[in-house]
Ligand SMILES: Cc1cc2nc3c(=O)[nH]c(=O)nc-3n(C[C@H](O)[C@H](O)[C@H](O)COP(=O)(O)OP(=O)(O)OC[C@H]3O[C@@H](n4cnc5c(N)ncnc54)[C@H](O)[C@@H]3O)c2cc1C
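The data below hold one chain only, encoded as structure tokens and taken in the form predicted on its own.
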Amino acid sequence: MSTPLTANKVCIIIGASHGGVNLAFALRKEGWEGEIHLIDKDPNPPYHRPPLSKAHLTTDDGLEKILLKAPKAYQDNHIELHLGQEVAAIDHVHQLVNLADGSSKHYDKLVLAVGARPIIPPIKGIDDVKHLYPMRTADDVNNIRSAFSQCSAKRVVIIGGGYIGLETAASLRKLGGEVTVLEREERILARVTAPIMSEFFQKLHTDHGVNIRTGKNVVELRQNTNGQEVLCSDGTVYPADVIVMGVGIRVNQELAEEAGLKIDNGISVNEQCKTSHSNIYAIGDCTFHYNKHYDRWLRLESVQNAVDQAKTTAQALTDKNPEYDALPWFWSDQYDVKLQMVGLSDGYDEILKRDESTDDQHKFSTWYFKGDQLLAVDAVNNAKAYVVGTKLIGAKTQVRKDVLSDPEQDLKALL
């Protein structure tokens, strides 16, 4: 029996979050026989990220509740974890990964699952306040929990009204926090959804006691004897015991850039997630890739994208000749609302709302069209709308808008 082509090969994956971990296990499933090394500067065992701003923040549960895989699974699949180790540079000429501790590891194939990091804007006084945290890692959650539990007034100011900021607001409000959200734009979620959804979530949070202020540009942070203060350009001041920064992320592309890989709004990859260097691939939040369905290049910040690209890369590394062609989807949990989103609404010229709410539950969906083409669906507590919308978008089916607009008619009729 001949030796498998990958038996003596080494695959190094930089980044042990959703993309990196799923890739490692998918590689074994696809038949990779050689070594697999997962390197991450986070010292914690790999864990699920979405629960951090949601359920995980509101409990005292440890990381063992949200681990991506049990520790034994890595051993059983001969996947070597190198946690708490930072990569200093990639030597693509000699195919080496140089670590910050001075050691090096050789690779035959290298995959960058390096993700992104929170943007911490250069606000005046930001280095002087004691309790300011982003919401990105398990350590961030521990810091927020600790600071929140130790303050008596429990005043929280969240800078940024995107999904992370709003999910954190909902969680801390559930814990009894006096929560204020400051958004620079004229509406929350302005960069990611339509006004109709912004209005719904603003009312949802207001009804739950969150103070949302839009059009607020934070210009200074101050530390004083009574805690901290957040100052805005219009002169308003918001006291805070804890400040959470949620204004966006920045791609971790420096390693790739220094290694000479093509960069364009992230690390550029082809349909097999291969970079401009033949032995180096990239997956997840850090990648700039072509989406066949929408016929354009884009970068997605979602678990789904990381997991799907991991599967594609595993097949590519084992000579299966795949092609990445996934429809984007996302979700967000806030209070008793589950929002499921599929597709990309950019460029829409019409929105149809289908309201199926009851006296005791919000239940509706918004359908984004460009002409007769269905681009995306946002479904609030409505799994059926999400599933039907996914099928319609994927098949590029022309939708009967009269059926869609009438909640008395079954959505399945659209299929």
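So that there is no doubt, residue numbering starts at 1 and follows the sequence shown. Please read these numbers as outputs of a predicted model, since none were measured by experiment.
The same protein also has a form predicted in complex with this ligand, omitted here; what follows describes it.
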{"item": "The single option of 76, 186, 86, 258 touching this ligand in the predicted bound form, heavy atom within 4.5 Å", "value": "86"}
{"item": "The unique member of 129, 303, 280, 245 whose heavy atoms fall within 4.5 Å of this ligand in the predicted bound form", "value": "303"}
{"item": "is_contact(residue 177, this ligand) in the predicted bound form, heavy atom dist at most 4.5 Å", "value": "no"}
{"item": "Close approach of residue 167 to this ligand in the predicted bound form, 4.5 Å, heavy atom", "value": "yes"}
{"item": "Partner contact for residue 241 in the predicted bound form: this ligand, 4.5 angstroms, heavy atom", "value": "no"}
{"item": "Any non-hydrogen atom of residue 92 within 4.5 angstroms of this ligand in the predicted bound form", "value": "no"}
{"item": "Contact stretch among 106-114, 258-266, 204-212, 143-151 - heavy atom within 4.5 Å of this ligand in the predicted bound form", "value": "106-114"}
{"item": "Residues from 190-206 in contact with this ligand (non-hydrogen atom within 4.5 Å) in the predicted bound form", "value": "none"}
